[in-house]
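To begin, one chain is listed below as structure tokens, in the form predicted on its own.
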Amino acid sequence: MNSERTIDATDARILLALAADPRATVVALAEQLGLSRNTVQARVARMEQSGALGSFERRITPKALGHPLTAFVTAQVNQHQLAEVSQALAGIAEVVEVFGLSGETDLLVRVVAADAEDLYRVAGQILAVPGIERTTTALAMRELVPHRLTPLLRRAANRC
């Protein structure tokens, strides 16, 4: 987020309504939530501007793009080359997220692949990045809890 402002209960109610119906218009949201159109429009615009509303990209599944496999690659990197490693990983299309970690492992890289052979190729590309010293790859067998924020939004919406 660009701003450190926390979502308040009204923002959370708007986000819950958008989560339930992402195509809802500002007018429909205002009617549903008992708010003015201007209030909803201003709050949605502020949340977009602050980064509280992420990109539409998050809703697209890799499977729909021909990449049904998900794997997690942990990587140990030369800390002096972290910026270059991050930039190189961002250049690999199948790398969908990279997190910096504390502990023995430096990076957690979420990748997608078309099949096992494709995953092998992607893992090789990652290992070939200058500054990456060691990797370990784990194939996700199935998703047990999908990405979700609704429970946190509900809690925030109930704050008074």
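Since we're looking at a predicted model, the values are computed, not measured. C-alpha atoms forming the largest set that superposes within 1.5 Å between two forms make up the rigid core. Just count from 1 along the sequence shown to find any residue number.
Just so it is clear, the following notes concern the form predicted together with a further copy of the same chain, a form of the same protein that is not shown.
Of the residues Leu33, Leu101, Ala42, Val27, just one reaches a further copy of the same chain in the predicted complex with a heavy atom at 4.5 Å or closer; this is Leu101. Interface membership of Val112, defined by any non-hydrogen atom within 4.5 Å of a further copy of the same chain in the predicted complex, is confirmed. The shortest heavy atom separation between Lys63 and a further copy of the same chain in the predicted complex is within 4.5 Å. Although the partner is absent here, Glu133 lies well away from a further copy of the same chain in the predicted complex, with no heavy atom inside 4.5 Å. Proximity of Ser86 to a further copy of the same chain in the predicted complex: non-hydrogen atoms within 4.5 Å are present. In the predicted complex, a further copy of the same chain lies within 4.5 angstroms of at least one heavy atom of each of the following residues of 50-76: Gly51, Ala52, Leu53, Gly54, Ser55, Phe56, Glu57, Arg58, Arg59, Ile60, Thr61, Pro62, Lys63, Ala64, Leu65, Gly66, His67, Phe72, in sequence order. With the core held fixed, the Cα of Gly103 is displaced between this form and the one not shown by 2 Å or more.
Three angstroms is the minimum change: in the predicted complex, the CA atoms of Glu104 and Val96 sit closer than in this structure, by 3 Å or more.
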